[in-house]
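Coming up is one lone chain in structure tokens, specifically the form predicted alone.
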């Protein structure tokens, strides 16, 4: 028995467990795609492949026009929110990582504490404040609320990551005449690409799938995001599961493409933060 066969025979249960995990994660996507490619009148099992591909659910979806508007709304809110979280998170994390003090330790503790608070637990207060600011059914109202809830995690993550970067680089740049901002933008920021990709994926997916606050803040149909648009397929009268599946396929595709594009940075960023942090 060669080395490969011996390794497989010894670790066969690990391969079996890996296959089971892949099946469990891929099964919902398989059901989603098969339902999107079936007619509403098709009563076959959801695990059964369609006898013929039916694209009517997708054509009806784009003919209505709501999915295109929802894609645009979701993209604007997600990109703006993640951009604020990344920019402010990096800039706030740099002094927290480089200056060890009781005050900075307190700030880090507060960040951790805020992360433990469920956002929906303070929905009433946030919603009443937005009403007084006339910020409901607006992009900026949704963005500032989402960014406020999402900022603690990037700050904490970037702080841990920056601490792994040698201080000697800061000192060398200061000897060369760089001030603090120049050191951050020219020395520190380029090394944060893996961490930034990690935050973009984690917070971007979370924002793309956000439903709780969107349901209350974005009340006008023209401001609906993807999750709100998909929820319109379900009502007390009838449920269009096939149309909802087609809309979910369209909503999922951008996130899959983003992960495929950023996966090497994501893996490096999570590995570095785990090993060095």
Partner chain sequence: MKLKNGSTINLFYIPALILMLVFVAYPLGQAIYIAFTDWNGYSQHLNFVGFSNFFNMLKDGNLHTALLNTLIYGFGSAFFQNLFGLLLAVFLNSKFRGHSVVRTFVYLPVMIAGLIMGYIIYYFVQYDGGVFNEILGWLGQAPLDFMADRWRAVGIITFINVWQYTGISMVIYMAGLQSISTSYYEAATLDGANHWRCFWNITIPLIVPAMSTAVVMNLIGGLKLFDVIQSLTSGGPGFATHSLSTYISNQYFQAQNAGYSSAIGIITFVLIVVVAGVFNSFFSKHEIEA
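Between two forms, the rigid core is defined as the largest C-alpha subset superposing within 1.5 Å. Residue numbers count along the first chain shown, from 1. Predicted model only: the values in this text are computed from it and were never measured.
This protein has a second form, the form predicted together with its partner chain, left out of what is shown; the following refers to that one.
Taking heavy atoms only, is residue 57 within 4.5 angstroms of its partner chain in the predicted bound form? So residue 57 does not count as contacting its partner chain.
Residue 98: heavy atom within 4.5 Å of its partner chain in the predicted bound form? Looking in the predicted bound form, residue contacts with its partner chain include residue 98, since a heavy atom lies within 4.5 Å.
Is there a non-hydrogen atom of residue 125 within 4.5 angstroms of a non-hydrogen atom of its partner chain in the predicted bound form? Within the cut-off, so yes.
Does residue 10 reach its partner chain in the predicted bound form if we count a contact as any heavy atom within 4.5 Å? Answer no; every heavy atom of residue 10 is more than 4.5 Å from its partner chain in the predicted bound form.
Would you mind picking the one in 192, 151, 77, 200 that has a heavy atom within 4.5 Å of its partner chain in the predicted bound form? None of the other options qualify; the answer is 151.
With the partner left out here, which residues of 88 to 124 have a non-hydrogen atom within 4.5 Å of its partner chain in the predicted bound form? Stretch hits, in order: 88, 91, 92, 94, 95, 96, 98, 99, 103, 104, 107, 111, 114, 116, 117, 118, 119, 120, 121, 122, 123, 124.
Does the distance between the two CA positions of residue 244 reach 2 Å or more between this form and the one not shown, the core being superposed? Yes, residue 244 moves 2 Å or more.
Would you tell me if residue 68 moves between this form and the one not shown by 2 Å or more at its C-alpha, with the rigid core held superposed? False for residue 68: its C-alpha shift is below 2 Å.
C-alpha of residue 215: shift of 2 angstroms or more between this form and the one not shown, rigid core aligned? No: residue 215 shifts by under 2 Å between this form and the one not shown.
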